[in-house]
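Next comes just one chain, in structure tokens: the form predicted on its own.
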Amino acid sequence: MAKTSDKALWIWYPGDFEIWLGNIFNNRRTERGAMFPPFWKQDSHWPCVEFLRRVELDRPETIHIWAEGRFSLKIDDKLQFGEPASYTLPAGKHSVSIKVWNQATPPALFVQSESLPTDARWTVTYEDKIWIDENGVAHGSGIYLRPGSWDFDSPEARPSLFRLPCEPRKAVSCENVGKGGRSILVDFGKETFGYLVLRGVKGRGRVDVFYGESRPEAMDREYCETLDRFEVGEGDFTAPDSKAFRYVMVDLPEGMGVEEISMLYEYLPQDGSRSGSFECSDPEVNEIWKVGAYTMDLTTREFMMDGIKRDRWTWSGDAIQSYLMNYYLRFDSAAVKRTIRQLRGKGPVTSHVNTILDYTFYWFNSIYDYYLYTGDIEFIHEMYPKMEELMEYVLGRLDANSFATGCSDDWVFVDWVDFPMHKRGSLCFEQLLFIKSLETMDICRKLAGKEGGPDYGGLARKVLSRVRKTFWSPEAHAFMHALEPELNPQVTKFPNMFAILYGYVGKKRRQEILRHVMHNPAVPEINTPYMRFYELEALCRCGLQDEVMETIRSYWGGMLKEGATSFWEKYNPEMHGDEHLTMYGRPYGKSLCHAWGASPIYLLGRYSLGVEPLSPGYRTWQVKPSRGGLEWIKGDVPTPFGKIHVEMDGSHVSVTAPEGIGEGVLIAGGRKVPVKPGETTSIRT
């Protein structure tokens, strides 16, 4: 984007651009060539908004105006003729109001000016709460908020033109797999995402394209998940829509030839100089980290999505894990905010986020996670009204026990499981997420400076006490599964590991859960990376990093041994060969590039390198590393101030902190020593 001499940015009503772009993003999904829109309510932007700025000038100044949409300019409550490209304000106090209307894309404004460029000092409203008296004088106003913006910083960089960049990539192999050379199978070497390109096309006709994350999928015309049909003529052809694939089979009509099949790789640019890293003495763990990072990069696009082949949607449960991994990989706070805004949408609230009860709770909790890692209090102020509105919806659907229970139109997900587990009644797992959400609301209300309303903290304590009395079984040494209305005595890992994660059990019960649930072979195993994320984090909280490292080797290493080039939606070690491709009753239904599969990025950064913010924005932080049975580890963790570098072997550990970061402490070898910004601190162990 071209830079300007001032600090102007395109601005819009907060969240509207994310909602508009999110609709485009989520509706790109296809299933065998058919459009497949999301399951949930899709909101839209406000078509007419007012941008307002008050300013006092020492001398006359000319403002230059660009808008996405038709606009009117009002100076000191007086409408100006037409849609002026510029206007000269005299010295003195002024009110500048610009209303922009655009039904197709979010109304946006760009003003170049020395004193009032479009930035966070402007305000915006979608409301016209104005009445006019008998003398023609207008009264009233709307509710004005800080505008939204990204890095669109020139008149030419209009928000509605936003596209991710692409770069050309060649295939690693190309073979004829059909008679007469008219079926061509192309392998790009690893999972990738972008636009198929046919270069040097000779002849005209219909080209059928079959995409596959695996060779069998691309070659299965009847059951591959994604396919395209194009009318292609002479010359070069680029597919109009991006797809996920490693393999592509192209069927050419008789008489048509093509010189080369390649692709345009589509990606979200990232600053590698400020990204996280991890390296250790075990080459397999190093490869797991690299593949995890690649999986995250593929699934972090305009928004953080689930899988690149099938859904291509923003799901709150997937996203909260992506955010946490991101804090240890790219620290792309803008992508996190975009996704949180898009998932929430607008009011009125008529369903849970993604229609899923647990995903609503993950949405609440992701906001405080974001604040903890970034210290961005302005985002709390922006989102708190939306949090209140959504929590009001939740509180209106509680049962007589004040438990969050799935209603007839709710999806209660928890996880994909390979064992019988119903989701009726009040699940203990859901109550723990609900309690954590109430605690988050209590914290965020104080941060936003709001008073009155429900006592979220008091309700959290009340529900937690009731959960302990209702679901804890002294005989099983575990939290039971559900109340329906009688207590269902099934024991699963889900509520028990979350009780450890959220600190809802003391040391004694934590040890009981470890012995009787987490390490009990009679309790069903978890076979998705999604819930393995929380299972392994709970074990790390109990100091079992050696066990976690072995699981990372066996579980994610198992995917690598099966040929994974990105991590999967689900992995069952008991499956073999093409069985690994199946899911949802479809031979290739499983996503082989799924964001929640990349959890080693978080586990290795948070618990091996041991870096953790203790207060928002790394005002205070600690490094408590653990080798997990490895000979040595080293790596970088990104922060708002730069990277924290950690090295550890059998005899010493060192930490280098960036300038400007808050007070840090290194905990190792039974010692605790302060870490000074801009310096390296070492301990012999």
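The shown structure was predicted, so the numbers you read here are calculated from the model rather than taken from an experiment. So that there is no doubt, residue numbering starts at 1 and follows the sequence shown.
What follows is about the form predicted together with another copy of the chain, which we do not show.
- Contact label in the predicted complex: R619 to another copy of the chain, heavy atom within 4.5 Å: Contact check for R619: no, nothing within 4.5 Å of another copy of the chain in the predicted complex.
Worksheet item: Heavy atoms within 4.5 Å of another copy of the chain in the predicted complex: does F419 have any?
Response: Result no; F419 lies far from another copy of the chain in the predicted complex.
Touches another copy of the chain in the predicted complex: D241 (any heavy atom, 4.5 Å) | D241: yes, in contact with another copy of the chain in the predicted complex.
_Since only the chain is shown here, I'm wondering whether P38 would be in contact with another copy of the chain in the predicted complex (any heavy atom pair within 4.5 Å)._
Yes, P38 is a contact residue.
Using a 4.5 Å cut on heavy atoms, which of S277, S72, T528, Q490 is close to another copy of the chain in the predicted complex? Checked against the cut-off, the match is S72.
*Among Q103, S473, N176, T582, which has at least one heavy atom within 4.5 Å of another copy of the chain in the predicted complex?*
Going through each option in turn, the one that passes is Q103.
key: Contact stretch among 54-62, 631-639, 22-30, 646-654 - heavy atom within 4.5 Å of another copy of the chain in the predicted complex   = The contacting stretch here is 22-30.
Triplet D76, I377 and G449 all within 4.5 Å of another copy of the chain in the predicted complex via a heavy atom
The answer is no; none of D76, I377 and G449 reaches another copy of the chain.
Could you list which residues of 38-57 come within 4.5 Å of another copy of the chain in the predicted complex, counting heavy atoms only? Heavy-atom contacts to another copy of the chain in the predicted complex: P38, F39, W40, K41, Q42, D43, S44, H45, W46, P47, C48.
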